[in-house]
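Take a look at the structure tokens below, where one protein chain is shown in two forms, each on its own, as structure 1 and structure 2.
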Structure 1
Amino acid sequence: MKALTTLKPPEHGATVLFDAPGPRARRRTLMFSVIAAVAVLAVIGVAILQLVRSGQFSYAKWGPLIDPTNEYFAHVWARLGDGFLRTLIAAVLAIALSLIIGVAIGVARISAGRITRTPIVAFIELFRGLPVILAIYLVSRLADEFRVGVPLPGDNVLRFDLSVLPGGDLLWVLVIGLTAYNSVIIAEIVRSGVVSLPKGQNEAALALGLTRWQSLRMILLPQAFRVMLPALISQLVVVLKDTSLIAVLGGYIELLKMSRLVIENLANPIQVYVVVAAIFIAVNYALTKFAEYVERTLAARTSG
């Protein structure tokens, strides 16, 4: 019986595509691993060679980013830090606003009757189908038009200027544009969260004598929020990435736009973009892992 206990369980290494590998398959895997390793190393080697040949590892290009004693170091990182902070501010504001408006739209979509539902669905589909960058651009144009003022009957002029808001109009153009797009996404997340709940929850609430609205507010939404939480955190990654769209339109100076300014002075685009990408990847990866962690924790807690 000793031999049996040392055997690996039969499922080990098996996927729907492959069986658990036997000795021959394992040898073959090893052989292909070596070939793949050589190929990967060759690609990396060629890339590094090309980088070296064009002087991408020179101190002049990397020093301002990695050497604290470099004369530009403090200045460059102060700028990148400022840009990152501005990216975070825009993303957090946009997600907070989208959450409020999105939940309102989602609740309206759920509780609306057949006739009132149609315009809400149309509104959701409209904004979902537009490129985010178009939403941001339209908001910036609208802000311009409103700044000029809309003439009202009589001699009155309706003036609305985003620059009265804290943070300035450039920030709010981006935030409102992102909100227009993401609030309908969140509305759909809310709806699917409520739809995914067992029917009995609503039925039990109604049987207790709660109204439909009370059932939604006290029974369904709190549960739906727990289902939604991971999706909401993942959406934050999308918003964080989308803030950088403003860099091609012009306006608010977030991390990517700030890095363009650094590059204009130091002429080291590859190095700066590598650093900016690393910042984005680190934050977004952490957020994704956090969403997965929340999903696991909630699944463990609600399965009982």
Structure 2
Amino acid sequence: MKALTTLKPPEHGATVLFDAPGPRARRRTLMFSVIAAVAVLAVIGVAILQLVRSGQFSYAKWGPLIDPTNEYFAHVWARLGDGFLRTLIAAVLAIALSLIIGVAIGVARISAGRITRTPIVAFIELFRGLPVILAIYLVSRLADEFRVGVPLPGDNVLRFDLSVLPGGDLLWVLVIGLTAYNSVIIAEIVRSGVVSLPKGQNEAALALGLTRWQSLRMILLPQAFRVMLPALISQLVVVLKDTSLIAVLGGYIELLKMSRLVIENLANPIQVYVVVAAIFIAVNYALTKFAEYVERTLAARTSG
């Protein structure tokens, strides 16, 4: 007890890894901070000056985007709105399928035995290690092969054409590619959420006579979803942003692809990309706030 009472409280600014800076260290920190701030402001000033000299702030560049009386305003926003709608459709489909399949894979991995778990883990590690754009490209190539037909033993041919689905084949190439990648990420998030719960939760459920599946479905998964909600929402935001990757393959005209078509006609890439970036930031910010609202609501219901 004596040793504990003689311990001094940590100094202001001290952390586990670093001691509190002294007067000289604080002066150096302040000096380098001022130098860095001046350098950043200088770079921003030079960039703005260069943009002014090249006419990037002119009415001809911004008018079609911000002035409703401009002759191109309605046409430009109709095109951007159409591209944004296509982006939302792809994102909603990919998010819904990723959640359903990801939860199913996560539950299968938790419930499976040591031997049956191996192929599930291999599947998760395979798609988790792939870049998203490569997953979309592989789905595109497989879709082409299955459209032509894969020969099977005998005279049989395995054929499936994604173009028969609503929205066209390129929409489903994007959706399936995003789902293949993000479902395994969500599966790992769900598994981490269940594993992070105290073991007593499952033991108490089994002691009450519930089966392992009932314990998982009624006790563990609801708590895991609440714990992992921020991580889940962050991954859903990633899905929305990754829809723009289909622009690399072309074909499906989502928001980014549509913005390129607008740029080809108006020759204002900086202005259009600024507007597209603002749209993505606004949607992701709204999604994040919605997640915080859901988290607070669930926490209030649980504590009440």
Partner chain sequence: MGVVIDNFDLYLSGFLTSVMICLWGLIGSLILGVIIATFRVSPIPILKWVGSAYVTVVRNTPLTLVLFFFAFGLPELGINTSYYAFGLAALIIYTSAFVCEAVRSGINSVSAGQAEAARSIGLGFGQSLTLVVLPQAMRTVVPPLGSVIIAMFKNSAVLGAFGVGGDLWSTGMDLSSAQGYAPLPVFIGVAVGYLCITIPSGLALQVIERKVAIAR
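Take the two forms, superpose them, and find the largest set of C-alpha atoms that agree within 1.5 Å; that set is the rigid core. All of these numbers come straight from a predicted model, not from anything done at the bench. Residue numbering: structure 1 sequence, from 1.
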| property | result |
| --- | --- |
| Matching structure (the form predicted on its own), either 1 or 2 | 2 |
| Core fit, then L30 C-alpha moves 2 Å or more between structures 1 and 2 | yes |
| Cα shift between structures 1 and 2 at V294, which is computed once both forms share a superposed rigid core (Å) | 4.3 |
| Distance the CA of Y285 travels between structures 1 and 2 [rigid core superposed, Å] | 2.5 |
